[in-house]
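Take a look at this single chain, the form predicted on its own, given in C-alpha coordinates.
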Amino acid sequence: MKNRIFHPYTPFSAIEKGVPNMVRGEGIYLFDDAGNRYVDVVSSWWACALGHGHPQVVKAIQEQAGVLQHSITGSLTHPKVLELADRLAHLMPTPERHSVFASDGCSAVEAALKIAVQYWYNLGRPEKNWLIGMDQGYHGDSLGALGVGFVDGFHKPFAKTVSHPAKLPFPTDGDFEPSRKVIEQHKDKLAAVIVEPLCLGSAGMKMYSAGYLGKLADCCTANDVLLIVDEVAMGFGRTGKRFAFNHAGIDPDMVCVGKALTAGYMPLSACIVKDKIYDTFSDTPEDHTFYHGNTFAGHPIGCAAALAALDIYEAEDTVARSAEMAEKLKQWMLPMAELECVKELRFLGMIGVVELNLDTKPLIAKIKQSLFEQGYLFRPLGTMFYLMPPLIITDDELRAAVYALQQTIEEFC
(Lines give C-alpha, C1' and ligand atoms only; values in the text may rest on other atoms or scores of the structure.)
Protein backbone atom coordinates (compact mmCIF):
# COMPACT_ATOMS: atom_id res chain seq x y z
CA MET A 1 0.00 0.00 0.00
CA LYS A 2 1.34 3.44 -0.94
CA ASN A 3 2.33 5.60 2.03
CA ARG A 4 0.19 8.74 1.81
CA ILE A 5 1.05 10.08 5.26
CA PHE A 6 2.42 13.62 5.60
CA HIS A 7 4.84 12.58 8.36
CA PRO A 8 5.57 15.15 11.10
CA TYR A 9 9.19 15.96 11.90
CA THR A 10 10.39 13.57 9.21
CA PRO A 11 12.68 14.50 6.30
CA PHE A 12 11.64 13.18 2.91
CA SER A 13 15.01 11.43 2.65
CA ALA A 14 14.08 9.29 5.65
CA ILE A 15 10.68 8.42 4.17
CA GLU A 16 12.28 7.39 0.87
CA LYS A 17 14.40 4.85 2.74
CA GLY A 18 11.25 3.39 4.23
CA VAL A 19 9.78 3.77 7.69
CA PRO A 20 8.90 0.93 10.07
CA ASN A 21 5.26 -0.12 10.20
CA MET A 22 4.45 -0.72 13.87
CA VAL A 23 1.66 -3.21 14.46
CA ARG A 24 1.83 -4.00 18.18
CA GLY A 25 3.09 -2.70 21.50
CA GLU A 26 3.89 -4.55 24.70
CA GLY A 27 5.64 -3.11 27.74
CA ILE A 28 8.59 -0.99 26.64
CA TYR A 29 8.58 -2.54 23.17
CA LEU A 30 7.07 -1.81 19.78
CA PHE A 31 6.87 -4.53 17.10
CA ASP A 32 6.86 -3.96 13.34
CA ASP A 33 5.11 -5.97 10.64
CA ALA A 34 8.26 -7.99 10.03
CA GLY A 35 8.31 -9.19 13.63
CA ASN A 36 11.21 -6.98 14.72
CA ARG A 37 11.16 -5.70 18.30
CA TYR A 38 12.30 -2.21 19.31
CA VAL A 39 12.79 -0.56 22.69
CA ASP A 40 10.67 2.59 22.75
CA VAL A 41 13.47 4.71 24.21
CA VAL A 42 11.52 7.96 23.79
CA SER A 43 8.19 6.66 25.15
CA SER A 44 6.44 7.43 21.86
CA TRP A 45 7.10 11.17 22.02
CA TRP A 46 7.35 11.18 25.82
CA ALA A 47 3.77 9.99 26.35
CA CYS A 48 3.76 6.26 27.14
CA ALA A 49 4.93 6.44 30.74
CA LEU A 50 3.42 3.04 31.51
CA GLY A 51 4.69 1.44 28.33
CA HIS A 52 2.38 -0.23 25.84
CA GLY A 53 -0.60 -2.47 26.47
CA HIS A 54 -1.00 -1.96 30.21
CA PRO A 55 -4.02 -4.18 30.91
CA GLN A 56 -5.66 -1.82 33.39
CA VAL A 57 -5.69 1.13 30.99
CA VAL A 58 -6.77 -1.06 28.08
CA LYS A 59 -9.63 -2.48 30.15
CA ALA A 60 -10.81 1.00 31.16
CA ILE A 61 -10.88 2.08 27.51
CA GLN A 62 -12.78 -1.04 26.43
CA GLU A 63 -15.36 -0.74 29.20
CA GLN A 64 -16.00 2.95 28.60
CA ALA A 65 -16.33 2.37 24.84
CA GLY A 66 -19.28 0.12 25.56
CA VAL A 67 -21.04 2.68 27.74
CA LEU A 68 -20.54 6.22 26.41
CA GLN A 69 -18.32 6.99 23.45
CA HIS A 70 -18.68 10.76 23.17
CA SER A 71 -20.54 13.56 24.85
CA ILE A 72 -19.59 17.22 24.65
CA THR A 73 -18.73 19.30 27.69
CA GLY A 74 -20.47 22.39 26.34
CA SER A 75 -23.44 22.76 28.73
CA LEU A 76 -23.20 19.01 29.48
CA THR A 77 -21.11 16.74 31.61
CA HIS A 78 -20.58 13.04 32.26
CA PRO A 79 -19.30 10.99 35.21
CA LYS A 80 -15.76 10.39 34.00
CA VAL A 81 -14.97 14.02 33.22
CA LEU A 82 -16.38 15.13 36.57
CA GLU A 83 -14.20 12.62 38.36
CA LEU A 84 -11.10 13.49 36.36
CA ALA A 85 -11.47 17.23 36.92
CA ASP A 86 -11.72 16.60 40.65
CA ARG A 87 -8.70 14.26 40.63
CA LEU A 88 -6.59 16.80 38.78
CA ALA A 89 -7.59 19.60 41.13
CA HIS A 90 -6.44 17.55 44.10
CA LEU A 91 -3.06 16.86 42.49
CA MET A 92 -2.33 20.58 42.61
CA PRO A 93 -0.80 22.41 45.63
CA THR A 94 -4.26 23.84 46.33
CA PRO A 95 -7.45 22.16 45.07
CA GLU A 96 -9.47 25.25 44.21
CA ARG A 97 -9.23 24.66 40.47
CA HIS A 98 -11.28 24.04 37.34
CA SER A 99 -9.99 22.23 34.25
CA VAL A 100 -10.44 23.03 30.58
CA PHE A 101 -10.06 19.79 28.64
CA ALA A 102 -8.66 19.40 25.13
CA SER A 103 -7.21 16.66 22.96
CA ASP A 104 -3.47 17.42 22.95
CA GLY A 105 -0.88 19.46 24.79
CA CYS A 106 -0.77 22.27 22.27
CA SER A 107 -4.54 22.73 22.56
CA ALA A 108 -4.26 22.92 26.35
CA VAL A 109 -1.61 25.59 25.94
CA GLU A 110 -3.82 27.55 23.54
CA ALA A 111 -6.58 27.51 26.13
CA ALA A 112 -4.20 28.71 28.83
CA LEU A 113 -2.94 31.61 26.72
CA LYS A 114 -6.45 32.75 25.86
CA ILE A 115 -7.61 32.39 29.46
CA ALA A 116 -4.71 34.58 30.59
CA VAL A 117 -5.55 37.36 28.16
CA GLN A 118 -9.28 37.22 28.86
CA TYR A 119 -8.68 37.14 32.62
CA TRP A 120 -7.13 40.59 32.54
CA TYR A 121 -9.83 41.74 30.11
CA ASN A 122 -12.46 40.52 32.55
CA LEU A 123 -10.83 42.58 35.27
CA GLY A 124 -10.92 45.73 33.14
CA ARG A 125 -7.24 45.66 32.23
CA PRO A 126 -7.26 44.85 28.50
CA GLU A 127 -3.84 46.45 28.04
CA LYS A 128 -2.30 43.38 29.73
CA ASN A 129 -2.33 41.18 26.63
CA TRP A 130 1.30 40.21 26.07
CA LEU A 131 2.23 36.55 26.35
CA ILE A 132 5.86 35.52 26.56
CA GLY A 133 7.86 32.35 26.98
CA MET A 134 11.51 31.37 27.21
CA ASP A 135 13.91 31.61 24.30
CA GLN A 136 13.81 28.31 22.37
CA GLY A 137 10.93 27.05 24.48
CA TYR A 138 8.40 24.71 22.90
CA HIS A 139 4.67 24.64 23.62
CA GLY A 140 3.27 23.12 20.44
CA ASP A 141 3.12 23.92 16.75
CA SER A 142 -0.02 26.02 16.42
CA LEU A 143 0.49 29.68 15.59
CA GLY A 144 -0.57 30.76 19.06
CA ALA A 145 1.91 28.39 20.66
CA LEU A 146 4.65 29.62 18.33
CA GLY A 147 4.10 33.12 19.72
CA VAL A 148 5.40 31.97 23.12
CA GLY A 149 7.60 29.06 22.10
CA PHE A 150 9.77 29.11 19.02
CA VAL A 151 12.47 26.53 18.27
CA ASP A 152 14.58 27.95 15.47
CA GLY A 153 15.37 24.57 13.97
CA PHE A 154 11.67 23.70 13.63
CA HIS A 155 9.85 26.95 13.08
CA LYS A 156 12.02 29.19 10.90
CA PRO A 157 9.45 29.34 8.02
CA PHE A 158 6.97 31.01 10.38
CA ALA A 159 9.27 33.65 11.84
CA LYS A 160 7.41 36.50 10.12
CA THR A 161 3.97 35.04 10.77
CA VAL A 162 4.07 35.19 14.57
CA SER A 163 5.25 37.98 16.83
CA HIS A 164 7.37 37.77 19.96
CA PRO A 165 6.95 40.95 21.99
CA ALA A 166 9.63 39.71 24.40
CA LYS A 167 11.30 36.51 25.57
CA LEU A 168 12.86 35.28 28.76
CA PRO A 169 16.52 34.43 28.15
CA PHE A 170 17.50 30.86 28.92
CA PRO A 171 19.05 31.03 32.41
CA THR A 172 22.80 30.65 32.56
CA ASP A 173 24.02 29.18 35.85
CA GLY A 174 20.56 29.80 37.31
CA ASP A 175 20.91 33.58 37.01
CA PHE A 176 17.42 35.04 37.25
CA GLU A 177 18.23 38.73 36.94
CA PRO A 178 17.99 38.96 33.11
CA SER A 179 14.51 37.44 33.30
CA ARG A 180 13.51 39.76 36.12
CA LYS A 181 14.41 42.74 33.98
CA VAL A 182 12.20 41.51 31.12
CA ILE A 183 9.21 40.97 33.38
CA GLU A 184 9.56 44.24 35.27
CA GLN A 185 10.06 46.19 32.05
CA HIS A 186 6.85 44.86 30.48
CA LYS A 187 4.68 44.16 33.54
CA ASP A 188 2.03 46.71 32.58
CA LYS A 189 1.41 44.90 29.28
CA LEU A 190 2.24 41.38 30.33
CA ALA A 191 -0.68 38.97 30.85
CA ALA A 192 1.29 35.77 31.46
CA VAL A 193 4.60 33.99 31.26
CA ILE A 194 4.65 30.34 30.16
CA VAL A 195 7.57 27.97 30.68
CA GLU A 196 8.52 24.35 30.33
CA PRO A 197 9.50 23.52 33.91
CA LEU A 198 13.19 22.64 34.41
CA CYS A 199 13.71 21.24 30.91
CA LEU A 200 13.28 22.67 27.41
CA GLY A 201 12.54 19.42 25.61
CA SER A 202 12.50 20.13 21.89
CA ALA A 203 15.26 22.70 22.21
CA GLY A 204 17.61 19.82 23.02
CA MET A 205 16.72 18.86 26.59
CA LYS A 206 18.21 22.09 27.92
CA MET A 207 17.89 22.07 31.71
CA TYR A 208 17.72 24.78 34.33
CA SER A 209 17.40 24.87 38.10
CA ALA A 210 14.38 24.65 40.37
CA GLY A 211 15.73 27.76 42.08
CA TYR A 212 15.21 29.76 38.90
CA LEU A 213 11.63 28.50 38.62
CA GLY A 214 10.95 29.52 42.20
CA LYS A 215 12.26 33.04 41.58
CA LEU A 216 10.20 33.26 38.41
CA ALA A 217 7.03 32.41 40.33
CA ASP A 218 7.80 35.06 42.97
CA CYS A 219 8.56 37.66 40.31
CA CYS A 220 5.34 36.98 38.42
CA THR A 221 3.31 37.33 41.62
CA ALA A 222 5.07 40.57 42.56
CA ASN A 223 4.39 42.08 39.14
CA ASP A 224 0.78 40.96 38.60
CA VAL A 225 1.69 38.48 35.87
CA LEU A 226 0.15 35.02 35.59
CA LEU A 227 2.46 32.01 35.53
CA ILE A 228 1.57 29.10 33.23
CA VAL A 229 3.58 25.92 33.66
CA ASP A 230 3.58 23.54 30.69
CA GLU A 231 3.88 20.07 32.24
CA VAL A 232 2.76 18.24 29.10
CA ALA A 233 6.13 16.49 28.71
CA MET A 234 7.41 16.51 32.29
CA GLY A 235 4.32 15.63 34.32
CA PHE A 236 3.30 12.44 36.13
CA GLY A 237 6.62 11.27 37.51
CA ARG A 238 9.09 11.85 34.70
CA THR A 239 11.33 14.14 36.80
CA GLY A 240 11.17 12.13 40.01
CA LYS A 241 8.28 14.17 41.39
CA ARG A 242 4.66 14.16 40.29
CA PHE A 243 5.18 17.43 38.43
CA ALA A 244 8.41 19.22 37.62
CA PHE A 245 7.19 22.39 39.30
CA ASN A 246 7.00 20.45 42.60
CA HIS A 247 10.81 20.60 42.71
CA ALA A 248 10.50 24.38 43.14
CA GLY A 249 7.65 24.26 45.67
CA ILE A 250 5.55 26.73 43.68
CA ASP A 251 1.81 27.06 43.03
CA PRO A 252 1.31 28.05 39.36
CA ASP A 253 -1.76 29.93 38.20
CA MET A 254 -2.32 27.43 35.40
CA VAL A 255 -0.84 24.01 34.69
CA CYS A 256 -1.07 22.30 31.30
CA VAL A 257 -0.95 18.50 31.22
CA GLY A 258 -1.22 15.89 28.49
CA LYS A 259 0.81 12.99 27.08
CA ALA A 260 1.25 10.80 30.20
CA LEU A 261 -2.12 12.00 31.53
CA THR A 262 -3.60 8.98 29.72
CA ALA A 263 -0.27 7.11 29.66
CA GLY A 264 -0.27 8.03 25.97
CA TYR A 265 -3.20 5.70 25.21
CA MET A 266 -5.79 8.31 24.23
CA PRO A 267 -5.53 11.93 23.06
CA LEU A 268 -6.48 14.04 26.08
CA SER A 269 -5.05 17.12 27.74
CA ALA A 270 -6.11 19.69 30.30
CA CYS A 271 -5.40 23.21 31.43
CA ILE A 272 -5.86 23.30 35.21
CA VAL A 273 -6.89 26.82 36.27
CA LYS A 274 -6.96 28.46 39.68
CA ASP A 275 -10.43 29.50 40.79
CA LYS A 276 -9.35 33.13 41.25
CA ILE A 277 -9.04 33.16 37.44
CA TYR A 278 -12.03 30.93 36.70
CA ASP A 279 -14.38 33.06 38.81
CA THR A 280 -13.87 36.10 36.53
CA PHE A 281 -15.54 34.29 33.62
CA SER A 282 -19.08 34.74 34.96
CA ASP A 283 -21.75 36.01 32.58
CA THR A 284 -23.28 38.38 35.16
CA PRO A 285 -23.54 41.31 35.30
CA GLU A 286 -21.50 41.31 32.06
CA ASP A 287 -20.90 38.32 29.78
CA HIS A 288 -17.36 37.03 30.29
CA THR A 289 -18.07 33.50 29.08
CA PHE A 290 -15.03 31.65 27.75
CA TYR A 291 -16.03 31.09 24.13
CA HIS A 292 -13.39 28.48 23.42
CA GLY A 293 -13.52 24.71 23.18
CA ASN A 294 -12.57 21.53 21.40
CA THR A 295 -14.92 18.92 19.95
CA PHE A 296 -13.32 16.17 21.99
CA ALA A 297 -12.78 18.19 25.18
CA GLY A 298 -13.37 15.81 28.06
CA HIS A 299 -13.84 12.83 25.74
CA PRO A 300 -15.34 10.01 27.87
CA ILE A 301 -12.98 7.28 26.67
CA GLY A 302 -9.97 9.55 27.11
CA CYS A 303 -11.13 10.43 30.63
CA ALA A 304 -11.49 6.73 31.45
CA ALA A 305 -7.93 6.11 30.27
CA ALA A 306 -6.65 9.04 32.32
CA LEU A 307 -8.38 7.88 35.48
CA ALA A 308 -6.94 4.40 35.03
CA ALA A 309 -3.46 5.85 34.49
CA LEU A 310 -3.74 8.00 37.62
CA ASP A 311 -4.80 4.93 39.61
CA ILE A 312 -1.76 3.03 38.36
CA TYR A 313 0.66 5.88 39.10
CA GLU A 314 -0.61 5.87 42.67
CA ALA A 315 -0.87 2.11 43.17
CA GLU A 316 2.57 1.41 41.72
CA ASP A 317 4.15 4.46 43.41
CA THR A 318 5.46 5.54 40.04
CA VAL A 319 6.91 8.82 41.28
CA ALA A 320 9.09 7.18 43.93
CA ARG A 321 10.15 4.43 41.54
CA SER A 322 11.04 7.00 38.91
CA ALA A 323 13.26 8.85 41.38
CA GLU A 324 14.98 5.58 42.31
CA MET A 325 15.51 4.56 38.68
CA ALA A 326 16.81 8.04 37.85
CA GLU A 327 19.79 7.52 40.14
CA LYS A 328 20.63 4.27 38.38
CA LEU A 329 20.27 5.88 34.96
CA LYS A 330 22.73 8.58 35.98
CA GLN A 331 25.28 6.16 37.39
CA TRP A 332 25.15 3.92 34.33
CA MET A 333 25.52 6.87 31.95
CA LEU A 334 28.33 8.70 33.76
CA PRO A 335 31.17 6.69 32.12
CA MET A 336 30.16 8.23 28.78
CA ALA A 337 31.47 11.57 30.05
CA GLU A 338 34.99 10.21 29.50
CA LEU A 339 34.47 9.69 25.77
CA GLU A 340 36.35 12.21 23.66
CA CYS A 341 33.40 13.01 21.44
CA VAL A 342 31.00 13.64 24.34
CA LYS A 343 30.51 17.32 25.10
CA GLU A 344 28.20 17.01 28.09
CA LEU A 345 25.87 14.74 30.03
CA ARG A 346 22.63 16.12 31.53
CA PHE A 347 20.10 14.52 33.81
CA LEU A 348 16.63 15.29 35.14
CA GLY A 349 14.80 12.37 36.71
CA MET A 350 14.24 9.71 34.06
CA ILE A 351 15.79 11.83 31.32
CA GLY A 352 19.39 11.16 30.43
CA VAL A 353 21.13 13.24 27.79
CA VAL A 354 24.37 12.74 25.86
CA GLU A 355 25.41 15.77 23.84
CA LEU A 356 28.15 15.08 21.33
CA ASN A 357 30.89 17.32 19.96
CA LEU A 358 30.02 16.14 16.47
CA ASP A 359 28.45 18.58 14.05
CA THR A 360 27.79 16.37 11.03
CA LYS A 361 24.26 15.14 10.36
CA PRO A 362 25.45 12.06 8.45
CA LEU A 363 27.39 10.78 11.46
CA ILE A 364 24.47 11.38 13.81
CA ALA A 365 22.24 9.55 11.32
CA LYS A 366 24.66 6.59 11.26
CA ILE A 367 24.60 6.32 15.06
CA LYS A 368 20.81 6.47 15.06
CA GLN A 369 20.57 3.83 12.31
CA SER A 370 22.98 1.50 14.10
CA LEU A 371 20.95 1.76 17.28
CA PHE A 372 17.80 1.10 15.28
CA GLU A 373 19.33 -2.05 13.84
CA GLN A 374 20.11 -3.14 17.40
CA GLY A 375 16.44 -2.65 18.29
CA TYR A 376 16.44 0.83 19.87
CA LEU A 377 14.19 3.67 18.73
CA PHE A 378 16.17 6.85 19.41
CA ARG A 379 15.20 10.27 18.02
CA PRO A 380 18.25 12.54 18.37
CA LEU A 381 17.81 16.29 18.60
CA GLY A 382 20.69 17.85 16.69
CA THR A 383 23.86 16.39 18.21
CA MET A 384 22.06 15.17 21.30
CA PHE A 385 20.90 11.65 22.08
CA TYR A 386 18.57 11.16 25.02
CA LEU A 387 16.89 8.38 26.94
CA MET A 388 13.34 9.08 28.10
CA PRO A 389 11.98 5.54 28.38
CA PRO A 390 8.69 4.31 29.84
CA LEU A 391 8.80 4.57 33.63
CA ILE A 392 8.07 0.84 33.92
CA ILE A 393 11.45 -0.11 32.41
CA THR A 394 13.40 -2.66 34.45
CA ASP A 395 16.98 -2.32 35.67
CA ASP A 396 18.26 -4.82 33.10
CA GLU A 397 16.38 -3.17 30.24
CA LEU A 398 17.61 0.30 31.18
CA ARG A 399 21.20 -0.83 31.65
CA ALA A 400 21.14 -2.56 28.27
CA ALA A 401 19.85 0.58 26.54
CA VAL A 402 22.55 2.72 28.13
CA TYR A 403 25.22 0.19 27.17
CA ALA A 404 23.99 0.06 23.57
CA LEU A 405 24.15 3.83 23.31
CA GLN A 406 27.64 3.99 24.80
CA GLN A 407 29.02 1.20 22.61
CA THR A 408 27.54 2.71 19.47
CA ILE A 409 28.90 6.17 20.19
CA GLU A 410 32.33 4.66 20.83
CA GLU A 411 32.14 2.76 17.54
CA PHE A 412 31.45 5.82 15.41
CA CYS A 413 33.45 8.40 17.34
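So that there is no doubt, residue numbering starts at 1 and follows the sequence shown. Everything numeric in this text was worked out from a predicted model, so none of it was measured.
Note that the form predicted together with pyridoxal-5'-phosphate (PLP) isn't included here; everything after this is about it.
pyridoxal-5'-phosphate (PLP) in the predicted complex is not approached by residue 260, whose heavy atoms all lie more than 4.5 angstroms from it.
The closest non-hydrogen atom of residue 264 lies beyond 4.5 Å of pyridoxal-5'-phosphate (PLP) in the predicted complex. In the predicted complex, residue 253 stays away from pyridoxal-5'-phosphate (PLP), with no heavy atom inside 4.5 Å. Although the partner is absent here, residue 302 sits far enough away that none of its heavy atoms falls within 4.5 Å of pyridoxal-5'-phosphate (PLP) in the predicted complex. Of the residues 309, 106, 115, 297, just one reaches pyridoxal-5'-phosphate (PLP) in the predicted complex with a heavy atom at 4.5 Å or closer; this is 106. Contact annotation: of the candidates 138, 130, 208, 313, the single residue with a non-hydrogen atom within 4.5 angstroms of pyridoxal-5'-phosphate (PLP) in the predicted complex is 138. Contact with pyridoxal-5'-phosphate (PLP) in the predicted complex, defined as any heavy atom within 4.5 Å, is confined among 229-237, 68-76, 287-295, 323-331 to 229-237.
Contacts with pyridoxal-5'-phosphate (PLP) in the predicted complex, taken as any heavy atom within 4.5 Å, map within 27-50 to 46 alone.
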